[in-house]
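Only one chain comes next, encoded as structure tokens, the form predicted alone.
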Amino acid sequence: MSRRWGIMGTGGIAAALTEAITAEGGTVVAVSSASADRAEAFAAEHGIARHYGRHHELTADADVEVVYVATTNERHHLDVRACIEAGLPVLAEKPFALDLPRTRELLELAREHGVFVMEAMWMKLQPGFLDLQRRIAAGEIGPPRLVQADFGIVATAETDRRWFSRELGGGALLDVGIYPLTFAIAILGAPTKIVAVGELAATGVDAQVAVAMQHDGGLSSWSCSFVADTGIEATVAGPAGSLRVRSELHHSPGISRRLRSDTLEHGEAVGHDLGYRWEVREVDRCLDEGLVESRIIPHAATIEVMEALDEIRRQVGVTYP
């Protein structure tokens, strides 16, 4: 069933999701921004009927059936709360909130109101990631014992001011580190021990972080960076070999199976090119079934990741206003 969407935010990710919604047969009927001019320009560019200069005005639009929250990080909990209180299902861009207490509060509120809420962790819906999980379950490498992953890009304050802004919830962890962290937890379970080191930018947010984690199922090591260009790949290893999630790990084009240095198989992820459309499909499927949370991206997974993020930021010394 196609639906009528409202979009909070006018950045690049909002534009990408708008295109995905349209490709899946849905319609974006309204957009909001903190700037009336940006909202109007975004609406004109994407053929959206209505635009609002204040985000929460969108929740009163009777034509909106579901909302995608793509505002800056420090606003996520405010905008998700407004949607829940208006009874509107929400797809909320990651990070779901800035910390664990606000995350728990929102998810409890969603359950109380019976409103569907899902974090937009699109990686877990991608064909490559699902193929990885299938291969692990089939025993291709034996029990997974070690996860290694990296996600580093070179970001500049001139390119996107929010990346290094403490006031806007910036830092490498929340923007790119959340992917390898989510990846490690999805494969090995929640960490039982975390050791993190980081370098802070002049603004007080993390410029790059390296993390080692212990899980009941094994060990993981991963890094994220705004100052180093890494391969954005991941490897899951077990006693019978390894599975390499080829770049970029959060929407991988395929999985390579290896035994030591020999590549045994170079698989391709069919449907990789659909990108964010998998997210839209999952929201539609959940709403069609009357669910309040996704089985693939459940609330418990969002809480596990946020709990680890809080601990990592504590260790490297990042706080938000």
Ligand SMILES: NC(=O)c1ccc[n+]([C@@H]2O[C@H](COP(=O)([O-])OP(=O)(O)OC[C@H]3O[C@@H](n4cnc5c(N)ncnc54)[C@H](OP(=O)(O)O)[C@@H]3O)[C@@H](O)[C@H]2O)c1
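Computed from a prediction, not measured in an experiment: that's the story for all the values here. Start at 1 and count along the sequence shown; that's the residue number.
Keep in mind the form predicted in complex with the ligand is missing from the figure; the text below concerns it.
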- Which one of these stretches, 65-73, 287-295, 43-51, 262-270, sits within 4.5 Å of the ligand in the predicted bound form when only heavy atoms are counted? 65-73
- Could you work out which of Arg102, Arg81, Lys124, Arg162 is the residue within 4.5 angstroms of the ligand in the predicted bound form, going by heavy atoms? Arg162
- Task: Would you kindly say which of Phe226, Tyr179, Trp222, Phe116 lies with a heavy atom within 4.5 Å of the ligand in the predicted bound form?
- Result: Tyr179
- Can Ile13 be called a contact residue for the ligand in the predicted bound form at 4.5 Å between heavy atoms? yes
- Task: Indicate whether the ligand has at least one heavy atom within 4.5 Å of a heavy atom of Ala34 in the predicted bound form.
- Result: yes
- Query: Can you check whether Trp278 is within 4.5 Å of the ligand in the predicted bound form, heavy atom basis?
  - Reply: no
- Message: Even though the partner isn't displayed, in the predicted bound form is Arg258 close enough to the ligand, meaning a heavy atom within 4.5 Å?
- Response: no
- Query: Taking heavy atoms and a 4.5 Å limit, what residues of 79-103 are near the ligand in the predicted bound form?
  - Reply: Glu93, Lys94, Pro95
